[in-house]
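Coming up is one lone chain in structure tokens, specifically the form predicted on its own.
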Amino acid sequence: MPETAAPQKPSRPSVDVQDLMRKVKTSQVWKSIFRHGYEDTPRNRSLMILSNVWLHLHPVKMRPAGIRVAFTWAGMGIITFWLFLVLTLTGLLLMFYYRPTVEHAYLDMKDLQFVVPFGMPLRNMHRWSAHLMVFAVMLHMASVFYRGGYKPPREFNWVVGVGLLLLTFLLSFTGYLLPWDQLAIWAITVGSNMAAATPLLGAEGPLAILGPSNDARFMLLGAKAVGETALLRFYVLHCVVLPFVFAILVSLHFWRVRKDDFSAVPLPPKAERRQGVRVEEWLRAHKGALEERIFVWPHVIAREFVAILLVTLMVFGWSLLANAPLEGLADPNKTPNPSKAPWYFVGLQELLVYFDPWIAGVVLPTVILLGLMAIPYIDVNPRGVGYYNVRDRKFAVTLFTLGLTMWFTLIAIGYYLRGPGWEWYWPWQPWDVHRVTSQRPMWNVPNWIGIPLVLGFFWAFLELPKRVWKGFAGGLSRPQYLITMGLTGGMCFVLLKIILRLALRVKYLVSFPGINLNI
């Protein structure tokens, strides 16, 4: 018998995804939430940015070069801001379970660890996000420098960015004390002792005439040592004052980015770049390249969303795998050896080995911050705006890279190579609290030799460049030249002092112990 065909089941109608999305976006519910963007048209792409409370700080269009991952270093700016929002949210949740008193602070940390549901992952996310934000803001500043994003008309926004960098350090530093464990109290003790060495405002300044407690450290701690008042002050600073100031400055920072426009410029094709074609010359020959723009929605927003999602997953995953440190209850009578500042300040602590506390803890950080703020006003080189350029910015890029390398090298030395008594220990050497404090004796250079050497060193930086290299100071005014070479000489002097101390055991080049002037 002939085979009969099996009856076929009726096929289900295929789902048209685009038609379904169109119905969703034209529904009353969608329109009640989103004011624009119902149809993918150029007008609606513009309105999605201009009419959105979160996205309106973006421009409607921007150059395609500005959305490259290599240009923004995976969006370090937006990642830093997102981490601030994560810290704000997790901090608000932690405030429900935390009391800023000596009696309860440490016990509340223990409750978060063992009693509060999901308390430990919550604290971990707050801790690790804070550390990652410090690192991300430094990377963001480095990327802006290397691509010339601080040059006119963006000078002031760079200064605002330096202020945000300082606030990020202070936010993390003030939060360091809140767990009230041994790690917290002694890290803050190290930092506050630097404040006591502040010229004029320190323990030996004119304010001390009014009483033994009237100095910068007392103003910071509210007492002679880290205690109840310090915990309350740091809590208010960490949860109210500093976040408020940070929010104002970051709003100004975004607004200036929006008004000053993004610095990214299109680059010549790779074949032409290999032949040595300069970007400025290529742009003059291709005037239309600067006018080419793409819609921020959805191109930029999609990339930012992916970056935020990946960072969030990374922080959450790390928070499940690694717990934030919590040592024993804070004990002012039990000093750990060594007692180290937070990792981002341990480089300053390492500088205490080479200079007096008021120089290492106050003068040098102040000079670093002022030097960073001065960069846009002393760098008159018009080249290298909106793209990474070393060939035409050798001097600026070399100095910035040297300073950045020195900073992270000091952090690595202080964090990994310093043990009990702040002695040098290689990673394979066990720590020994009974070790002799010095393997080789240190010595001071006599002042009659050291003073001329130091003065001659700085004179060489101020005078020799413009005499040896013709045109070196071209375009720089006299004040700009003095500031540039003064900062350059100061950084090189710090490097020289470190080398002399580690290699030849030279303690001070100039020493006046009676007035605490030891260099």
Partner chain sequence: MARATSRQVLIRLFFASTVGLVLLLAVTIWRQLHPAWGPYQVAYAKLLARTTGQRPPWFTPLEVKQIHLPQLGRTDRCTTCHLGVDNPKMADAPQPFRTHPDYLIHPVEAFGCTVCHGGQGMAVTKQDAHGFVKHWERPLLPKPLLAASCASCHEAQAHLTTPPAPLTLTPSPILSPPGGEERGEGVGLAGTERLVRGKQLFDRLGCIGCHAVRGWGGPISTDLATVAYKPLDEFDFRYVRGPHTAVAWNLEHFKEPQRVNPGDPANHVPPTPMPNYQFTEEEATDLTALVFSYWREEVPSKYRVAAAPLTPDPSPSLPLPSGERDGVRERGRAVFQKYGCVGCHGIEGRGGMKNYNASTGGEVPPLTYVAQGLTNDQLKALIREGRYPTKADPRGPTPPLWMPTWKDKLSPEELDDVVEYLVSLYPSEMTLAAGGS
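Numbering follows the first chain given and starts at 1. In this text, all values refer to a predicted model and were calculated from it rather than measured experimentally.
A second form of this protein, the form predicted in complex with its partner chain, is not displayed here; the remarks below concern that form.
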| message | Would you classify residue 117 as touching its partner chain in the predicted complex, given a 4.5 Å non-hydrogen atom cut-off? | response | yes
| query | With the partner left out of view, is residue 365 within 4.5 angstroms of its partner chain in the predicted complex by any non-hydrogen atom? | reply | no
| query | According to a 4.5 angstroms non-hydrogen atom cut-off, is residue 305 in contact with its partner chain in the predicted complex? | reply | yes
| query | Might residue 328 be said to contact its partner chain in the predicted complex, defining contact as any heavy atom within 4.5 Å? | reply | yes
| query | 417, 313, 240, 247: which sits within 4.5 Å of its partner chain in the predicted complex by any heavy atom? | reply | 313
| query | Heavy atom within 4.5 Å of its partner chain in the predicted complex: which of 110, 394, 278, 383? | reply | 110
| task | Could you tell me which of 409-417, 221-229, 278-286, 295-303 sits within 4.5 Å of its partner chain in the predicted complex, going by non-hydrogen atoms? | result | 295-303
